[in-house]
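Coming up is one lone chain in structure tokens, specifically the form predicted alone.
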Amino acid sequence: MTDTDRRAFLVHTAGTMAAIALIPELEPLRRVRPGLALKVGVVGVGRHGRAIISELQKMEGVEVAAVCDTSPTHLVNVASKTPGVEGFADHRALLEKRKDIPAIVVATPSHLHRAIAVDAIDANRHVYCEAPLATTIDDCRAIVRAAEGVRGRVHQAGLYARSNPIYQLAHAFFKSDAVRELVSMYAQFHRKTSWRFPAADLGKEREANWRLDPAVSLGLAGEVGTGQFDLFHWFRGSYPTRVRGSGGVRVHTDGRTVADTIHATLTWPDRVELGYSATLGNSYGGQYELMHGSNAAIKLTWTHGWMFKEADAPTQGWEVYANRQQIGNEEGITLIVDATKLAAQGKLKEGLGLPYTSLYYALADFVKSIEDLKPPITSLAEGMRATVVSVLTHRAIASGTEQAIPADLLQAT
């Protein structure tokens, strides 16, 4: 276990209380150099782009100074709610005219990421690019190659798990002896929704529903699976070597051909498998990730986390003080961020969950990396690797054939 993992794992207070501690603390992002606003431009201000703007506006000293979108309606909507923001219909015009904006967030449809990200990197801007990084392996590699050798700029992939404080805490447990030998992994994304949206502008329904266009979409494996697959890459420190899957249109028979329900099995070199399920036809269970070990299982739901210890697992002393929750027929030890501080205040149970979204923490890490001029928490290269896995998972589902995931395909060159 690294020194960072040890600091993040367990601390003792008052000689008796054992509680979980985590770095960073759960407070709104504060600027290191107050008075110097970081200007950010957001390219792509549809539903997700507007969510990004909302999270950035919660950060002290961060200013959304410009936005870009090909939809006039989207630009008008943002301008009406963000006084002083300048709108552009072309990202190149934004980069050329607003050289005072050092940071660009790319939140367009996934298949449009390459040109915008590469242009922003070439224009010497800090770049945050949402995941999946792109929808083809070639486009992913082009984005990563554009950033190679660039110094003094932060280039981050929008994979939220590594920034999520509860997931960071769970990662520390996983790297300790708390879980021990990994037995199996499972993840799911279950929602009851159609993924079909009305077009903001007349005649642009296909553009609005690009997720349902088989020519450009990676479907559920790409748009949702990428972020979940990355969690297992991070925890394990390795990548699957093959994937098989299936799927189809089970509920939304509206002419679409992109599957609304998928199942996949990803296999690691040690033959431990990740079972993955995603559907737009049923919401039971929601979204979560689960890791089974010989000592314990860890379940993560993006806002909460639990560890379920096996009856024969050795005790480490602190369990008697831990907060516990009944989850179905199992009793789980809750993973609470800032537990040491809360325990000292007698407010341990008030720490359940997170005060901000996973998106907030990812964007906050981007801003913090810019201020500290340190490498991002999730590099473009990691974004590429997670996306390559999702591309091949989508391919396995669409073709019905097992796909190899060779190590050289996970490299940019």
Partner chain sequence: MLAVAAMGTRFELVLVAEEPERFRPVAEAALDEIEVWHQRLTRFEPGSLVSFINRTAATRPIPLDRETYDLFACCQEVWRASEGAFDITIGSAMERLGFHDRGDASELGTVGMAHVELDPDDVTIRFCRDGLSLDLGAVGKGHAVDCAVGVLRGGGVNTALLHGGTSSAAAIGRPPGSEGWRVALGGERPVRTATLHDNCLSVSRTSGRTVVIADRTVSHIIDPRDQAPVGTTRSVAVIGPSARLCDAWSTALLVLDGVPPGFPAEYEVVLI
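Residue numbers count along the first chain shown, from 1. If you're wondering where the values come from, they're calculated on a predicted model, not measured in any experiment.
The next section is about a form of this same protein that is not shown, the form predicted in complex with its partner chain.
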Legend entry - its partner chain contact at Gln326 in the predicted complex, heavy atom, 4.5 Å: no
Inset, instruction - Look up in the predicted complex whether Leu354 has a non-hydrogen atom within 4.5 angstroms of its partner chain, and give yes or no. - result: yes
Inset, instruction - Would you please decide whether Asp372 lies within 4.5 angstroms of its partner chain in the predicted complex, comparing each non-hydrogen atom pair? - result: no
Inset, instruction - Please run the contact check for Arg244 against its partner chain in the predicted complex: heavy atoms, 4.5 angstroms, yes or no? - result: no
Inset, instruction - Would you point out which of 73 to 81, 157 to 165, 268 to 276, 285 to 293 contains residues with a non-hydrogen atom within 4.5 Å of its partner chain in the predicted complex? - result: 73 to 81
Inset, instruction - Could you tell me which one of Arg236, Arg196, Arg180, Arg250 places a heavy atom within 4.5 Å of its partner chain in the predicted complex? - result: Arg196
